[in-house]
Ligand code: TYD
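Let's start with one chain on its own, the form predicted alone, as structure tokens.
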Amino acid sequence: MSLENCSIIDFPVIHDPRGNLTFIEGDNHIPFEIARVYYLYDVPGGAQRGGHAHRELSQLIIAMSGSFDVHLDDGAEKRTFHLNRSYYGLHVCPMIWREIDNFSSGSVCLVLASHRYDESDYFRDHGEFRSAVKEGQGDLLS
């Protein structure tokens, strides 16, 4: 996978004077079924989250409240996305290193994941991740 496969996805918005509504359907608005949902909140100033890649898991990262930066690295190219709206999210493909920082006060980061938690799916060492990318081993390591 490369950064070319990662992109911002806009979600439907139903406008209403009482408040807007946005919804997300797996395998419709996003390119995978949702197997797990988690969220990050109360992140202390200056803290960084992420710092890993996945062999097979895809994610959609959404700033439900506040803002933060997502730094992506495919082993050859790096790109940063600033997320600050709840009606779009960042699709992160397998074999992409991600780091999240610059959390605003009160921010909430919602993550929709294609798989249940599986520690063996993680690269937690950037050097090991880069070696696997160079060897083209992404999904062969699972």
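Predicted model only: the values in this text are computed from it and were never measured. Counting begins at 1, following the sequence as shown.
Another form, the form predicted together with this ligand, is not on view; read the next lines as being about it.
Residue in contact with this ligand in the predicted bound form (any heavy atom within 4.5 Å), chosen from Gly66, Gly75, Pro94, Gly50: Gly50.
Proximity to this ligand in the predicted bound form, defined as a heavy atom within 4.5 Å, singles out one entry of Arg85, His82, His29, Arg36, which is Arg36.
The shortest heavy atom separation between Arg18 and this ligand in the predicted bound form exceeds 4.5 Å. Arg124 belongs to the set of residues with a heavy atom inside 4.5 Å of this ligand in the predicted bound form. Among heavy atoms of Leu110, none comes within 4.5 Å of this ligand in the predicted bound form. At a distance threshold of 4.5 angstroms between non-hydrogen atoms, Val43 is out of contact with this ligand in the predicted bound form. Figure note: of the listed segments 127-135, 19-27, 114-122, 5-13, the one touching this ligand in the predicted bound form, with heavy atoms no more than 4.5 Å away, is 114-122.
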